[in-house]
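Taking the form predicted alone, here's one chain by itself in structure tokens.
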């Protein structure tokens, strides 16, 4: 796996953002640089939000804060939260799926029908309804800490799709249970727990890894949707000043929050919403590369087949060339 260039490239991208986030905070602190206006020859030529320049590569936000600094500070919250949501979801869904597929096979069909209906309901609506009381700052302020709210959000988002993921694993386990080698193991007296440990898990290990990657990408997308609804990771700072109140802001500078809080600047200052989206897209691309690299490391035959197909180009013969080739073969002396 670590020799696969796809996996290494994807891992390097995520590691760059994670390590860079901690290093940036260690060097520059947890407050990004701020500038209110740019001057030339003693005259102010541009005010916040300042467009990208050499001094501020990604520009500044409407309050003059360096956008690159905010993105680097928020990287650790965004990536770690997505990884934690997917990991917790899989930790619950995988055992539940095995139990449903082996011990509760009689109830799998109607539970599968129930879970399939959940595919047509937007997950973001459920998440927004459940998380709004936790993430939206009340007038008296939050009664919980930042990490407590992040932990609550991670648990809630993980639980929302556990039934769907469990059904996927249960259906896959049910297909494997009909294989001859598992039927033979049952005939020889193997119990359900042994079949899960010795047959189902080894056979499904690669699919579970791929499913984990898919859950990470799905979490990034749901976080972005919640950002558009002004529900940011770790809480939404709300100003209740009736005259000079600021719009809702992200406390942790996580990417989805930066995207949702600046979406209204899409026409006037497009770098504000587009840069967080670009970073989210890079994170999803990195996870996709890691999945491809993992699959290639576990399926060397598939990789060799693809390489052979690329190395052996198809020979295209026209009719005249084909006739000449057949005449040449016909005129050749048969082997004695």
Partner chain sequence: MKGLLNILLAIAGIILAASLPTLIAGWLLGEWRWQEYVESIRSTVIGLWPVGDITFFHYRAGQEIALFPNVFAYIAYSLEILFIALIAAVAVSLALTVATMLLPEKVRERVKMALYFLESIPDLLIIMTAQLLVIAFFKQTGILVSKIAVAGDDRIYWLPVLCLAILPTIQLYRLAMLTFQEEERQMYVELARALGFSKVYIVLVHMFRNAIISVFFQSKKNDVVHAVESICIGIDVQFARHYAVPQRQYESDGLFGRDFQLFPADVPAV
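Computed from a predicted structure; not experimentally measured. Positions refer to the first chain, counted from 1.
Absent from the display: the form predicted together with its partner chain. The rest refers to it.
Its partner chain in the predicted bound form comes within 4.5 Å of no heavy atom belonging to residue 204. Remark: residue 193 does not count among the residues lining its partner chain in the predicted bound form, judged by a heavy atom distance of 4.5 Å or less. Shown alone here, residue 132 lies within 4.5 Å of its partner chain in the predicted bound form, counting heavy atoms only. Proximity of residue 174 to its partner chain in the predicted bound form falls outside the 4.5 Å heavy atom cutoff.
The contact residue chosen from 88, 209, 156, 94 relative to its partner chain in the predicted bound form is 156, the criterion being a non-hydrogen atom within 4.5 angstroms.
Exactly one listed residue, out of 47, 281, 57, 29, brings a non-hydrogen atom to within 4.5 Å of its partner chain in the predicted bound form: 281. For its partner chain in the predicted bound form, the listed stretch (96-104, 148-156, 76-84, 179-187) containing residues with heavy atoms inside 4.5 Å is 148-156.
By the 4.5 Å heavy atom rule, the three marked residues 18, 69 and 299 all fail to count as contacting its partner chain in the predicted bound form. Residues 217, 221, 224, 225, 228, 229, 230 are the members of 201-230 with a non-hydrogen atom no more than 4.5 angstroms from its partner chain in the predicted bound form.
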